[in-house]
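Taking the form predicted alone, here's one chain by itself in structure tokens.
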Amino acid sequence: MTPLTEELSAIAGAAFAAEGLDPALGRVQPADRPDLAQFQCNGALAAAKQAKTNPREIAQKLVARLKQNTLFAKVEIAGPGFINFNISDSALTGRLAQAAADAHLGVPRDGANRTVVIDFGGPNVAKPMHVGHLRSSIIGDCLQRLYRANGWHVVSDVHLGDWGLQMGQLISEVGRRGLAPVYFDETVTGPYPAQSPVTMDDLEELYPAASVACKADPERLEEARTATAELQAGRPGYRALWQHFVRVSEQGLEREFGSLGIHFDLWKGESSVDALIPPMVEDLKTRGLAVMSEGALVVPIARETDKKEMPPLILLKSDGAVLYGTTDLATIVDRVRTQNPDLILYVVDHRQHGHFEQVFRAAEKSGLNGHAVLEHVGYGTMNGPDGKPFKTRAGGVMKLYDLIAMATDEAEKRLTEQGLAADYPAEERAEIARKVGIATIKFADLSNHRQTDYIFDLTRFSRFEGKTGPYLQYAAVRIQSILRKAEDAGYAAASPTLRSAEERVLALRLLSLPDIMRGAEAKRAPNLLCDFAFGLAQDFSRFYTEHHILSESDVDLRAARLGLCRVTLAALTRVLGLLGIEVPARM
């Protein structure tokens, strides 16, 4: 199904072409003043500038042509040459019926036959997830859902931090404490115990202790570096112990991500590309792209057009050690070989932009990215009411598990305040509270433009009023209730017909979904989906307030309004699903 604005732009473009003008000037958009018109075209002003004539004269000729099309109920000139127009109710009704009958609600799957790899989450092995991981996880998950809905083949990769100095710090700490001596006995090469000698709780205590010790004692740090080098060189006991760290951590991380409804296609880590680094480095050296500079091997990436200094990407330090940039470059090699992507998105804190610019330039200069476009999807910070990064009351970094528990508890309070789910079984009420708590967290994050910092106010975002996740869940539950009661009463639903201003506004909102999903994809902007969902819920609320539905005595009118309820629910739940928000069956 062709999106409505695309159809209108083609009609307007043909009118421009008939006047000897560029058809691209016929682009149509929703009107800036919806009180005056539904759509507008501003191309006459640009055409007049090119032709050095009066824009209203051009607009008059275009309006004369457009009025011949029965699709339009009104076509008129506004201001210096804007063309405003409304669509006939019969045309809107027909297109809404087509969208309602389409499994994708009229959204064209533009991404068909294209592949995107989305790198997000990025937790480290042996560390619990905390609120610092939240934005990457929520934004990345929304993008993978959106790209799939738009027809792309999506490969999501959590990209674990599992191969750096922290692993050597852990290994040496375990050795110092004598927790698993068999892994440190150089006369033993395996097989090693299948059961891990440490739990996730152990790792949460071991890693901070090792990190503090390494910062305080240079000899202790050198011990960790040696353990890291031996791990990466393949020492059997260290490899076996490291594999336990990874497996134990992955189990914990899967639970954490699972509590947010987030899943990944790949659980690869930095270690997965270790074997690719030596041949990649040799290739870059052979082609003269990697050169020695002050004892380090680097890829110069500066361009003549640069307005600021761009340091080279360091591949190998003077001691031969690799850096994150080296691993990230090898990861691009791996992704190009295994996935052949058209696009690779990195959903990472915007403060890492300089790092990614270096890596991307090196990849593009060397051709290691194939035909893939590389893009850093940066985001701002989640702050507390004090405007500083969100922390516990004691001032520490809050674990993700604790944040979810806080949001769930707040949701329980809100349900009680609203008198919702009061008589439901305890298990069902707890599940509703969980869904409302997760919606609180996700919508609070995604409703803000990803590049901005935002204040996370649990009290405000958990309300069932205003622009919040719980409000949208309740709006969907209310429509579900209407349709359920209609079914119980034996009332049929039919294709919507538009007989009022409220129905017309709702129809126009529903038909804008393809543009919203395209725009959210193009701008990597989940907040556009949030804006659509909130606007749709408000439009439905006005329609519900002004019209009888279940109490309507006219059978045909009641069926048409139930049909409008049905397509509204489908669009609302679809967009909430893209945001990763579940809708309870009832409240």
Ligand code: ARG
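Counting begins at 1, following the sequence as shown. This structure is a prediction, so every number in the text was calculated from the model and none was measured.
From this point on, the text means the form predicted in complex with the named molecule, which you will not see here.
J.: Would you check whether the named molecule, in the predicted bound form, lies within 4.5 angstroms of a non-hydrogen atom from each of His133, Val348 and Phe356?
T.: So, yes: the whole triplet contacts the named molecule.
J.: So which of 503-511, 404-412, 157-165, 294-302 is the stretch with heavy atoms within 4.5 Å of the named molecule in the predicted bound form?
T.: Within 4.5 Å of the partner lies stretch 157-165.
J.: Only one of Glu173, Glu223, Asp328, Glu256 has a non-hydrogen atom within 4.5 angstroms of the named molecule in the predicted bound form; which is it?
T.: Among Glu173, Glu223, Asp328, Glu256, a heavy atom within 4.5 Å of the named molecule in the predicted bound form occurs only for Asp328.
J.: Only one of Asn84, Asn124, Thr93, Ser196 comes within 4.5 Å of the named molecule in the predicted bound form by heavy atoms, so just point that one out.
T.: Selected residue: Asn124.
J.: Would you check, heavy atoms only and a 4.5 Å threshold, whether Tyr474 touches the named molecule in the predicted bound form?
T.: No, no contact at 4.5 Å.
J.: Answer for Gln352 alone: is it within 4.5 Å of the named molecule in the predicted bound form, judged on heavy atom distances?
T.: Because a heavy atom of Gln352 falls inside 4.5 Å of the named molecule in the predicted bound form, the answer is yes.
J.: I'd like to check something about Tyr454: if you look in the predicted bound form, is any of its heavy atoms closer than or equal to 4.5 Å to a heavy atom of the named molecule?
T.: Answer no; every heavy atom of Tyr454 is more than 4.5 Å from the named molecule in the predicted bound form.
J.: In the predicted bound form, is there a heavy atom of the named molecule that lies within 4.5 Å of any heavy atom of Tyr324, even though the partner is absent here?
T.: Flag for Tyr324 set to yes.
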